[in-house]
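Starting off, we have a lone chain in the form predicted on its own, written out as structure tokens.
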């Protein structure tokens, strides 16, 4: 039987990896990016799903401008919450499985150790609220959606997306020759997009549903993460640690939002790669993507 997946947000750094992964597994893939379909348009979403008749819908579309969301919370809520409701309702009507990505930012960062799926969310700002609402809409309209929380996603495709990712930001800053200051008092678990895609496909093919965390290989501060990026890239810019008191942002961010993958690994999904390994793979793939765009 033909297996078909619809991927929303297919032009993003995670979306391109999802398309590639499912195609390699011989699924029929139909992708929508921001230009081809606005997920906040319920009528167009319903028509697209009804016309395609997929077994699976993967939503990697998101509004992720954390600071700007504080001045335009409605835009964040429409894209991250109401759009998920649109997709969930379309899945309910068609019988398709919904896979939706959420974020470590649903937590407030006060736990001090990696978060489990059973820990209570406590979002700190408009972006985080909108992402938590998206989870709730998926769970409200569907019996068993697959909701995957990730953290600081980075993939080679970020080289060509408008907002890039943390790796590309560090490389751009290194190119200026100016000192680079990165917070050392905020810890996350940056997650590699190709690894997310392969494990998502594994979960889909196993017929899994529920809420799962899929963080990077280990908790790391953004400062230490930057150090590893430059070490892997063979660069030695002037990198200096700073903290949140010096680096003020419009949105509050969780200070320790690393995710625990224990539940994921307990059901037989491969462990996420360590950051050093993922970064090596990133630069190998990045060079290839740059040369063969």
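Keep in mind that this is a model prediction, so the values were computed, not measured. Positions refer to the first chain, counted from 1.
Missing here is the form predicted in complex with a small molecule; even so, the following discussion is about that form.
- Not displayed here, the small molecule is kept clear of residue 48 by more than 4.5 Å at the level of heavy atoms in the model of the complex.
- The shortest heavy atom separation between residue 221 and the small molecule in the model of the complex exceeds 4.5 Å.
- Taking the partner from the other structure, the small molecule in the model of the complex has a heavy atom within 4.5 Å of a heavy atom of residue 34.
- Contact between residue 62 and the small molecule in the model of the complex is found at the 4.5 Å heavy atom cutoff.
- Comparing 179 to 187, 211 to 219, 152 to 160, 107 to 115 against the small molecule in the model of the complex, the single stretch with non-hydrogen atoms within 4.5 angstroms of it is 152 to 160.
- Note on contacts: among 265, 38, 53, 244, the single residue with a heavy atom within 4.5 Å of the small molecule in the model of the complex is 38.
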